[in-house]
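The chain below stands alone and is given in structure tokens; this is the form predicted on its own.
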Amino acid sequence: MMGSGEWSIEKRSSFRSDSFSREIDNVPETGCLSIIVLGASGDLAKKKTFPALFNLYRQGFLPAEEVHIFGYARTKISDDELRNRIRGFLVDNKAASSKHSDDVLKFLELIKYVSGSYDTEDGFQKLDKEISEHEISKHSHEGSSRRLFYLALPPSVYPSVCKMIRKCCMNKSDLGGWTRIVVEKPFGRDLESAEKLSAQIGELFDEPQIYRIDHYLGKELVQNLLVLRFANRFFLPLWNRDNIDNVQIVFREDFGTDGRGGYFDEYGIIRDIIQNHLLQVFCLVAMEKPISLKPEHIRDEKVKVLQSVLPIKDEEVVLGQYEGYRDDSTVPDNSNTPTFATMVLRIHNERWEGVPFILKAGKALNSRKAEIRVQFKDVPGDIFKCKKQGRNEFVIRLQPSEAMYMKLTVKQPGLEMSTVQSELDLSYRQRYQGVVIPEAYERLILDTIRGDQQHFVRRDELKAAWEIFTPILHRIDDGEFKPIPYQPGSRGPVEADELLGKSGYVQTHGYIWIPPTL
């Protein structure tokens, strides 16, 4: 890849999609961009935020002549100490080259560190001074500069940090400049806390300035969902209750909490994965076609789906906790926190009435994957007697080995008239050789700079999501709903598979999808 110093405007424009190019071209010439990472010394910033910024820089999306990056945290360290902390996370050592090393050095030179508290003015005034000096050095007219604040912080400090940003660090926006904030999940613990947090931030910033980031919305295959559904003629008449029997949205990890037991125990698998990541995917699978691709039109349809979800029934929920979870010294001995959950959501509308949407997530299971599995109904009048082999399924593998494939029944090659299940397969590594799939954070940070909120969570969407899960979460918190123990390395509680069967899912026997080799 080229370093940012080698990218001319023409090269950058030809590299980017048209929408990226138009957006970059529309940015005022004098408006430099300051990206401020709050919580710069933490794990999220080191492992996700700074590497995403580096990749955008390396691809020419963050030109050195326009952009400066500021780290802010309570830790008292120097600029060079912060740079040394993040250096090792920017490039895979196996793929490192002299060119990449040069890019790393040039990128690190763009980073300035400021130390300060999250709830007092002194540090933020110092931060504002540093940003302003950078803007002056770039000859930016007052009001034309852009300031992006990325809160790589616990939600508990969002209100105080946002107050300080509002009071000390805002950019005047009368000449095309802006101030935007990115907040990470979890957005609260339940409906009440989420609404309180939204109200506190909403008093300080307008909704178009707030970007609630859920990195699942930046994944390549998740971004493909709207294209698949609404740009392919053969899906349009099939995507409804008349043809689809059930839909599974699955997230599986083959490891436990891995030293994050204390953090995880505060939230659990429903808050950590299902209420946000899987629910976002659920919305894109189930929503109606928006009237356009404008962010608000898409988000309007997502909200309608969430508002159509019926209350979750107790008999359609299975919770689990893997054996050994409480051995973690940071986890309470009597913890009731689920590390596994399978639950059925039902949508009360014309398209989906009667179709179960099965959301399943768990830790310490027998495999690692995230996928969407759309299972179609049986073929009526089956003259080949092949029902036992399994149904047609459309599977979208989100991670790892991104792919989408359709499970079909075909004739077994040979002289006999026998059938077997096979697939039509689009595996990205094979089909798009040499194409680097961007990390989710890269895409979403770039969307924030562009001002595109399509892949971010709107306030009313957040409220509707919490309304679905808050009743059952309160019962879990109160100890009324108990998780079932399961063995690490298993599929989870047996009761979860039983729930799948009751919901109509038919498992395919004797078929295993194997990613094609190059």
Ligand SMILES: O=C1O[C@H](COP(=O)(O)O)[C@@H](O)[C@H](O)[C@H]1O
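Only a predicted model underlies this, so the values are computations on that prediction, with no experimental measurement involved. Don't overthink the numbering: it's just position in the shown sequence, from 1.
Below, we turn to the form predicted in complex with this ligand, even though it does not appear here.
J.: Any of the heavy atoms of Y325 lying within 4.5 Å of this ligand in the predicted bound form?
T.: No, Y325 sits far enough from this ligand in the predicted bound form that none of its heavy atoms falls within 4.5 Å.
J.: So in the predicted bound form, is this ligand close enough to D272 to count as touching (4.5 Å, heavy atoms)?
T.: Contact check for D272: yes, within 4.5 Å of this ligand in the predicted bound form.
J.: Verify the contact flag for K407: yes if a non-hydrogen atom of it lies within 4.5 Å of a non-hydrogen atom of this ligand in the predicted bound form, no if not.
T.: It does not: once this ligand is placed as it appears in the predicted bound form, K407 has no heavy atom within 4.5 Å of it.
J.: Does any heavy atom of R368 come within 4.5 Å of a heavy atom of this ligand in the predicted bound form?
T.: Heavy-atom contact with this ligand at 4.5 Å: present for R368.
J.: Which pick from E130, E253, D245, D265 sits with a heavy atom within 4.5 Å of this ligand in the predicted bound form?
T.: Selected residue: E253.
J.: Quick check on this chain: which one of R180, K185, R83, H100 has a heavy atom within 4.5 Å of this ligand in the predicted bound form?
T.: Answer to the contact question: K185.
J.: The chain here is shown without this ligand. Which stretch in 302-310, 282-290, 350-358, 245-253 comes within 4.5 angstroms of it in the predicted bound form, by heavy atom distance?
T.: Only one stretch qualifies here: 245-253.
J.: Taking this ligand as it sits in the predicted bound form, which residues of 209-228 have a non-hydrogen atom within 4.5 Å of it? Please list them.
T.: Counting only heavy atoms within 4.5 Å of this ligand in the predicted bound form, the contacting residues of 209-228 are H215, Y216, K219.
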